[in-house]
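Next comes just one chain, in structure tokens: the form predicted alone.
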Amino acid sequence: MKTLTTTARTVCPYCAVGCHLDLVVENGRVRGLDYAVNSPVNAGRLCARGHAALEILTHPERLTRPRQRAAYGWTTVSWNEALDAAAENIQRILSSHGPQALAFLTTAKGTNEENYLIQKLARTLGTHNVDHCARLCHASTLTGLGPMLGMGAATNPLSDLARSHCLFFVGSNLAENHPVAFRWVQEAKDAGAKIVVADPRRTPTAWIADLYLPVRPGTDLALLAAMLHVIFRDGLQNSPFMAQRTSGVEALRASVSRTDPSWAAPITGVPARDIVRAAHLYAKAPRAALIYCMGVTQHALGTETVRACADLALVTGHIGTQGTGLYPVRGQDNVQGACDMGALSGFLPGYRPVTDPQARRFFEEAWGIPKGTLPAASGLTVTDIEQEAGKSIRGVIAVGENPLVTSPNTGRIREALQRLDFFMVMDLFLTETAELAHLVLPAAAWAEKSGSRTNTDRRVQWSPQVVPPPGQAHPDGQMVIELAHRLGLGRYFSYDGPEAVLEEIRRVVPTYAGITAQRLRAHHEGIPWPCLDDTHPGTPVLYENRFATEDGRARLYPLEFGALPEVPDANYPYCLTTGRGKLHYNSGAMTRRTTSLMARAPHLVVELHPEDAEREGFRPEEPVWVVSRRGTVKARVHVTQAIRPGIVFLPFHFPDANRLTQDVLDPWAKIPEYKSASCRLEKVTRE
């Protein structure tokens, strides 16, 4: 038989940089990948996860048929039986408890079109109980930046980092977590830029820093407040910019009047002189960028800390031009797109609040659903849904989510999900969460379906289907459409493919109005939103002339401080912080099944300082118990100078790591406090 070989450009399923993978396909099967050397995103570069991405497509543990739980275990069923069972259970809950007893967890691993369909199904059924993992990573970016700037998104393209004279990283380890994007930081460094890194760990990002600030977990807000104090005290603010483009400066100035570096030093652990130096480096640079990630957002004070980041950029005028800006670096590949599509309990597509009657009326008319279908109150967030599971929430449909690994205090989550009347999961694998479900539907992976994705700098790209899904696996969007038809909602879900869904998105989300599948296929580099019509080139830099607020001015926010919900004491003497590892991704559902990655990072490790290891009598690689008030996990000791004494670090990609974390929430974003908890370490005396 003649061999037919083709190459197809796709978007990598790992992280939010949006790297291109050129897949080599022979006779309908992926045989390898070529480096996309002409890609404007990654120029052929790939991280370790990107190199290993193909292992997922042919993994022997992929789900290939629907599974239904029976008295004796799992049984495989046909698609008709599975969808009938799903519709029957959803209808039963609707009849008995109403639409507010249902909840949908959608996915940042899905396409824009899939997220749009999932939230539309939830809302067409009459509930805003739809949310996704942005609630656990960057919800505080939305609640922080949105009211201040008008949008909760990155202001500049990642490539702009190379144009900066100063790059200030707060709680972001770009070098390990988004390594392909780090090349623009290295270019800036080579051109003479100053690098400032604030992080409890001396990460590889800090290795090239001109100034490293070893801030204690949970005290970033105090550090930023002290820097703002110095900027006002030393006259480093950009007064013309503030006068022309902001409001609220006096309230901000008053809120930081007493937060001088000598106040912040004992709180943060950062010497006062270094706080002063950081403020001067950032404020005096002709162009400065501030890059933050979950070290800022995953706190009970996450929204306040994001506001402080924005205050810094606005007070110094480092926003609205090339080489400046704010970079909330997303983790999963389509967190930004899922948020844009309304996969949030408080927002319809395009960030229109569900509490706005005009917005509800607009979508009811656009979707052709009866007036009054959309509730006037916000729905439940991910954390709300998990808390109410088995109580007011009787049924959950989870798409590509694995809360038994990713949510805080996971022992409580397990108990809650087991109380549900109906729990359905759509996923690639039988994850820890799927093992609790009543019904599991096999999903297609990134190269097995078409659709658009939006990376961390708002770049919308098209990723085509290259190969068919294994067995009877379906794209998430197809499953949602078929389920909608069985629920009697077919007239609202009449689509013949993702292109048709994107056409509807263009009509209801103004920032996507000029983005078509045809344009995206023709422009592999993608189009950054806002893109307002078919000829609009997109908008790489936001706020060049005005902010997206009603009067075009940004709002400076006064800073408010609060106590950490938990601090070390005699019983739990260490501060535990969590974060990403270099080789694993999110819940680990994909990377823990990737042989080449597991060979290098096969188990959970706990990082601690040599002084702490010596005092506890621990040896490198020795298994120990890490104990918090909420649970216990076993991890192997990794002794490192990269972390300061008294602090320990766990990557969150392995089951049970989040048994230890707190479910205390930020009051605005309802994001959990992942980055600071108290713990102790114990020797393992028996297995």
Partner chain sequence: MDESLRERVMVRLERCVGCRSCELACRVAHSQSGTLWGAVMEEPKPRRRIFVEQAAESPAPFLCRHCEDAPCVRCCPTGALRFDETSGLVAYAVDRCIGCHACVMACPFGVVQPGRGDLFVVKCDRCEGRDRPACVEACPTRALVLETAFLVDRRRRAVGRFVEAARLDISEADLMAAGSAQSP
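Every value quoted in this text rests on a predicted model; they were computed, and no experiment measured them. Positions refer to the first chain, counted from 1.
Below: the form predicted together with its partner chain, not depicted.
K.L.:
Quick one: which of 625-633, 645-653, 61-69, 48-56 gets within 4.5 Å of its partner chain in the predicted complex, going by heavy atoms?
P.N.:
It is the stretch 48-56.
K.L.:
From the list 204, 540, 490, 497, which entry has a heavy atom within 4.5 Å of its partner chain in the predicted complex?
P.N.:
Looking at 204, 540, 490, 497 one by one, just 204 meets the 4.5 Å heavy-atom criterion.
K.L.:
So its partner chain isn't shown here. In the predicted complex, which residue out of 614, 250, 569, 190 has a non-hydrogen atom within 4.5 Å of it?
P.N.:
Answer to the contact question: 190.
K.L.:
Can any non-hydrogen atom of residue 429 be found within 4.5 angstroms of its partner chain in the predicted complex?
P.N.:
Residue 429: no, not in contact with its partner chain in the predicted complex.
K.L.:
Quick check on residue 208: any heavy atom within 4.5 Å of its partner chain in the predicted complex?
P.N.:
Residue 208: yes, in contact with its partner chain in the predicted complex.
K.L.:
Closest heavy atom of residue 186 to its partner chain in the predicted complex, within 4.5 Å or not?
P.N.:
Flag for residue 186 set to yes.
K.L.:
At the 4.5 Å heavy atom threshold, is residue 600 in contact with its partner chain in the predicted complex?
P.N.:
Because a heavy atom of residue 600 falls inside 4.5 Å of its partner chain in the predicted complex, the answer is yes.
K.L.:
Even though the chain is shown alone, can you say which residues of 165-194 have a heavy atom within 4.5 Å of its partner chain in the predicted complex?
P.N.:
The stretch 165-194, when checked against its partner chain in the predicted complex, contributes 175, 179, 180, 182, 183, 186, 190 at the 4.5 Å heavy-atom cut-off.
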